[in-house]
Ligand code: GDP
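Just one chain is shown here, as structure tokens, and it is the form predicted alone.
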């Protein structure tokens, strides 16, 4: 039995073995050379370069798409991807590189001419944390070394070269300028470098810059500066960053963090290399063969050259002699200069240039568009002027609680962006939690920035850029913020009771909120003298500094930002004559009903209330 059964068992086990071998495919093998670039490895493994970079980062290697890595690193990536690896000969490598080029050409054709472009970087952070010095260190380390005797020309932006790749830096004064450009529709930044001083840590402006970058959907790279200082406390700063929602990679998060000293010029190379890694993950591309479209990042009048504008090309290529429309002006590009002051004949995507040839000085944030000729330029300007008449504000209209439900129903918004300002820090979390719980299937409630203190112009800019609204709890609004909100249609809501705040937002989400009235500031005047007008009546001798004042208009008296009275204008005179209104630039006598306690320096604010649209 045993002998008879063995032959029959052999075929069964052989069949079983054959079945097993056919059901479990063999591990694919690949040949890798002693060294190759990340792009070449991605093509060989038939995966995206982004996946390769991520895998290398996990093994502690920071590499960009063009960086060459050795066989050991490449083999580790290939093995992790599921390949069996063996070394490759030089001839095999040449064949593989040829295949890479063919694939790249095919990919470029499929993408319709899109090519990788340099990343555009904005540096932000708290005042005195070293933003300017870091920019100077980057410029000196990576530009001056390659430009013998070069003199850096301040044009608001500049380019550096790292491992053969260009990086563009915007030299903006801070997050307000960054957000102001967003509010005008110009999204120019790809990556934000958030500078935090090692001896000072995370500060209110650090958090504000973080919120502005996150609201724009821009990835953040943290640069911990001033590590050379004896009182630097790196662990404390890292903990503060984690508390601020920026968990660094060293602590298991996904925020890239680099230690630098702008003073000693250390860590600069590592910072730039990490910026390139993040840029690779963003897969930034543009088509250089199209007519150029860009944005003005700086502008001014030169006594000898005339109107000058620094333009950051977004897509396409700007060439000498091109006819361009910039905002509501036009001209022909007579000359272009790079950040080293050298004349250039063309500017490709993500390249900043100062151009000469416009008729008048444009505004920062204006869009540049290349057109066929003068006729097309004038037609485009006319179109933009008509749009400006219909929409006088340069700010994008923000959402209002009054029309929130209509916009949700129309599918125009999926998120309600809220800027929250409170009187004390402890109030922020309860309000945030209560508002976020109001989210529905149709719309999420998102607090994009929170802080203590009065509503500022920066808050209004962020609301305008993010199409959000502002909620103040137990705080007021600065004069500039009120003026900007009125001009830009930004909804500012003030509350003193949390229940009322949450109830209003909840009703707005359901379309149950009653229409509200908004305040429109029509003018302001400064009290410069005080006169008696009868036994117990006093009149303010005032100078109208903006807008106008008219009899019967609502008025409030402000003394160092504090409102001391709110009433109406019951008398208005120019010299000895009663008048109906007085415009800016003129003096007048103003009487406020039931108020006589004027002081020199008081600001009279004149306003009317209108039903919110």
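Residue numbers count along the first chain shown, from 1. As the structure is a prediction and not an experimental result, all values here were calculated from the model.
Not on display, but discussed next: the form predicted together with ligand GDP.
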In the model of the complex, which of 259-267, 305-313, 444-452, 481-489 comes within 4.5 Å of ligand GDP (heavy atoms)?
259-267
Have a look at 117, 126, 524, 210 for me and say which one sits with a heavy atom within 4.5 Å of ligand GDP in the model of the complex.
126
Exactly one residue in 496, 228, 406, 374 has a non-hydrogen atom within 4.5 Å of ligand GDP in the model of the complex; which is it?
228
Quick one: does residue 133 come within 4.5 Å of ligand GDP in the model of the complex, counting heavy atoms only?
yes
Relative to ligand GDP in the model of the complex, which residues of 232-247 have a heavy atom no more than 4.5 Å away?
none
